[in-house]
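As structure tokens, one chain now follows by itself in the form predicted alone.
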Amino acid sequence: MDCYLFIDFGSTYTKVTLVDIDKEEIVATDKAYTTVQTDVTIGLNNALDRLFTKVKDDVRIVKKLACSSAAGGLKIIAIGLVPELTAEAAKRAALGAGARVIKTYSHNLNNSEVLEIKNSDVDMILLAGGTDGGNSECIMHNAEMLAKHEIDVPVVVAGNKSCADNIVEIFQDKVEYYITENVMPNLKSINVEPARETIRSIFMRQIVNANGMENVEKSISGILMPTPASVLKAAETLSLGTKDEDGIGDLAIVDIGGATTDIHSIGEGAPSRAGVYLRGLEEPLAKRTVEGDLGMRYSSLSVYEAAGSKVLKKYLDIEEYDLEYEFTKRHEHTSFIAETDKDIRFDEAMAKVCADISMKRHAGVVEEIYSPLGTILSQTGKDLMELPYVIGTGGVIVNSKNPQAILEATTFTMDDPTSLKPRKPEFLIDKEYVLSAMGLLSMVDKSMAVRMLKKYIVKCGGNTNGIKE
């Protein structure tokens, strides 16, 4: 039996997936704790030992591919000119590459800001600023500041192309740098793909520095991307399909984890109503947002702060709980597993809060603006109101007895009439945790990835036959 082996080095678990190439089926999956503090091969071998106890036939592994978010994943700082423009474009490029953007800076950096950057545990810096042929002073000033303070992490330069030669002179022999295309070549468009690919290629080289990862690299075909980028790739593949295999159309993925909630959406997000005026940055077809204050364990206290009792009341009888105690318990005991009905209800209410707020932040808004011509409707961000599918993943969703109830929290309500959240999507679930593996598969055989995604992403409510088109 010829198989592909896909490996996901997660911050908590290393997950392995074995795929039968001929049958286009998952043979088996398993996981073990990621041993990033000692040697990641220990956790990998533990997961593989468990996996192969489930496999009865002889297996010939044709290709091994991996993604990783071990050791906190890929942490990036984005620097741009104007917060709403080039700084935002740089942030989108980093997020789309699967990074966690720990901070964004704009305008001219001062000494204290550069020292803050230098003392952070960032893995990479994305330096943008100015449209092509536009402002050059800011990005050159910021390059000089980074060189002056001898920043010792790679800097991806994705700003005004007119400054490229100057920045090469500034960084030469002082800073590890990579020049790529401007993330915002003009005021009307963004161009994030070249920066994403540059970030991904640097990540591939850097990740081997994790304990034991150099040994893994020798035995596999390649670590292709950060795990979130692999999930986004799977979303894009399922949505768009290929010339040989139809996709399912626009969709969003809600991934609720212990520390963050990620939303991935595929679709133009154009206005669903006539007469709506678009403003702000152009939205990318494949968009990812990460909410670092919305997570089930590590970020539980910030969930409490973000939600407050008003939002919690939508999903929970708060009189039944000591809220501060419950959130603190989950923050201080990140391995806590809800087992009683009371704890399960609280966890699922938390998940609904994470789904609600994260989708609100991801989706656009439409507002009335008064002009000399009268009142007009102005849209900022993506219009997801007619989005046909919302897919849930992450432990709290996958293990829930009623995942649809959690996903329904992502939808539009009159509590927030300006939001462009989905109105009546169909809810699907990544029951077998295939998304990251299928993102890797799409790098080898995209049509096969589409077919398998349609087979293993299932409707909420018990259907196990995949997505029926």
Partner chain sequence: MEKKTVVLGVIGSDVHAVGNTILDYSLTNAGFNVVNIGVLSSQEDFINAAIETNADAIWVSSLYGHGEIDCRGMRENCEEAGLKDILLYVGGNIVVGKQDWDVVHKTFKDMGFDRVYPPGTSVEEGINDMKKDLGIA
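Numbering follows the first chain given and starts at 1. Keep in mind that what you see is a predicted model, and the values were worked out from it rather than measured.
As for the form predicted together with its partner chain, it is not shown, yet the points below apply to it.
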| item | value |
| --- | --- |
| Proximity of residue 81 to its partner chain in the model of the complex, heavy atoms at 4.5 Å | yes |
| Residue 267, heavy atom within 4.5 angstroms of its partner chain in the model of the complex | no |
| Partner contact for residue 191 in the model of the complex: its partner chain, 4.5 angstroms, heavy atom | no |
| Contact label in the model of the complex: residue 369 to its partner chain, heavy atom within 4.5 Å | yes |
| Its partner chain in the model of the complex reached by all of 254, 336 and 393, non-hydrogen atom within 4.5 Å | no |
| One stretch from 134-142, 310-318, 338-346, 286-294 that, in the model of the complex, holds residues within 4.5 Å of its partner chain by heavy atom | 134-142 |
| Position in contact with its partner chain when the complex is considered in the model of the complex, options 101, 175, 122, 85, heavy atoms within 4.5 Å | 85 |
| Listed residue that, although its partner chain is not shown, lies within 4.5 Å of it in the model of the complex (heavy atoms), from 302, 201, 242, 378 | 378 |
| Neighbours of its partner chain in the model of the complex among 161-190 [non-hydrogen atom within 4.5 angstroms] | 184, 187, 188 |
